[in-house]
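Two separate entries follow, structure 1 and structure 2, each one form of the same protein chain as structure tokens.
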Structure 1
């Protein structure tokens, strides 16, 4: 080997070594991605509802346990049954400092409003934190304590019987349609902005019934203002051991609402991994596990492709349900 050749070999080796160092540094930086500014924590619903309470608890857990170097700032965007939040998140495509708490309007709003141009399956699947449950409620002053009495009263009242719920074509209206069809009722569905408002309407005797999540109605239940009649779950809820399921009442039907955290489309992979880690720590925290028990939340933590598959199944299910009640064709 000549001196010139030896120098060239040494130079090439140096270049390769330098390139390797740069690559390793880049990989390390990608793996160590953290937010550089506060994270906008969008809530696809109004104040006081289940999604809002969930987001604010998670914010507290993140801050208390120093899970993120930057705070998560909750922002409610409930307009248009969540359309406001979905449009906003789409506008954040490719950005890494915005995540969103979502529910089943994640499916129903894009299906009902195709002009929005929103495909929920393009959002980043960070974490499903739980599945929320539904219970049929009445005011204590109604005197109703079981499903037989409920059906008799609602049938007698016809269109004068009001069922309050959150938004149009969403979870509450789907359950109202199920009850109308199954029991031959003609209840009038009355939409409000959020689950907290819905519970207040029933507690104030302004409507006849609701299908609130337990987390939304629990305060009024504990005060004795609201009475649970039936649960839309596969088995009885531990918090309401004396409340029968629809299956026990001879109408096998269960329905759940996702409580998930999503990122905008095309989120950077390193940011995605950071947020997955954050919310897995939140899920494993004592605070979150206690909250799930107290609010009758079910379900395991799922993320990534498993969450995307879950979305696909539920998107198809809600397309079918909305078609059946005439909300879409």
Structure 2
């Protein structure tokens, strides 16, 4: 009898063990989703811009530290201020081998072109890698060194004062609109192709000012050609300790550009976990941390619902800003 019971006990123990192993395997499978083919890494901007450089840095870090078993292949889809990339990502709904590097046109392009039928809040929030900052710049030949002089000069020139920026209805134009309304200016906004081109226009004295990201103007700052006037941040940037923020100047205003990674809508949960892990590792890498320091990038790593909340706030903010400048009704 005892022998029989013990046999039975043994058998059932074995059965349970087997079952656990089986479930363990399936759990492990769900946890350790890995890409089966190279991951398409869509860049919502053209080659050479800020987003492109960042994407290629991330790709290099992923490859160097063997963070992913399959490589990430960057693909530029700059068309239509990101419209092309957004449409493409939407078409990948529910698929797991495409992620995208995005910026603030993630909000502005769908808002300005409702016909695209894109709701950015449906995309999968993988990671916010950084927030890029904005600084007001002038050429050293203008002799302007502070905001007071800037406003005086711009007022005097009226409509002849020019601001160069990238794209229409995007970051740079929103900041120009802010300066115009806050200081009662009438400067005109001229769009150029990319941040580098904008910096060059100012260095060559073809325009009067820019609101470049520090990463785009840093070379000319180091050579002394461009002079920073004010930072659109909450606290002073470590790289420009003598440049006041707009808050210090009595006009509390800050504006940032997200540098985020998103997945298509309805991405598989396990794949989502995988990508979150990948980009957390990229964020923590020495390369990325150095890059953030050098380019005056701010911001913690956020993901999941925190990122979604961040999007909701910024989506509403951009809706308001675009309505104010008359880009949307």
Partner chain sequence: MDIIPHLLDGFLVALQPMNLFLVIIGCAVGLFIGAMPGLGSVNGVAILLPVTFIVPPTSAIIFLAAIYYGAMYGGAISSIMLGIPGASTAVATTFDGRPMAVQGRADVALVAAATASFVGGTISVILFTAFAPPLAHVALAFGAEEEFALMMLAFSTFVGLGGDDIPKTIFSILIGLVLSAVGLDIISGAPRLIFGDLPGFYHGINFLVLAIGIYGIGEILWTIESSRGEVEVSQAVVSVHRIFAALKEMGGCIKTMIMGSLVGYFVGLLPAAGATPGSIMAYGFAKTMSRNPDSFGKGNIQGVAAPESANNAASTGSMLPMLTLGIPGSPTTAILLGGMVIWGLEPGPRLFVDQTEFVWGLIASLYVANLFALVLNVAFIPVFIWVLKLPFTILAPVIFVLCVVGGYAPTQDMHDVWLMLLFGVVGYLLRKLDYPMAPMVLAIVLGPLAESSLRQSLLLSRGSMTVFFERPISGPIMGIALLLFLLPVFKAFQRKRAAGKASEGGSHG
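These numbers were taken from a predicted model, which means no experiment stands behind them. In this text, the rigid core denotes the largest set of C-alpha atoms whose superposition between the two forms falls within 1.5 Å. Positions refer to the first chain, counted from 1.
One of the two isolated chains is the form predicted alone, namely structure 1. Hinge residue for the rigid-body motion between the two structures, chosen from 256, 100, 274, 58: 256. As a two-part rigid-body motion between the two structures, the smaller part of the chain turns against the larger by 12°, taken from C-alpha fits. For residue 147, the displacement of the CA atom between the two structures, after superposition on the rigid core, amounts to 2.6 Å.
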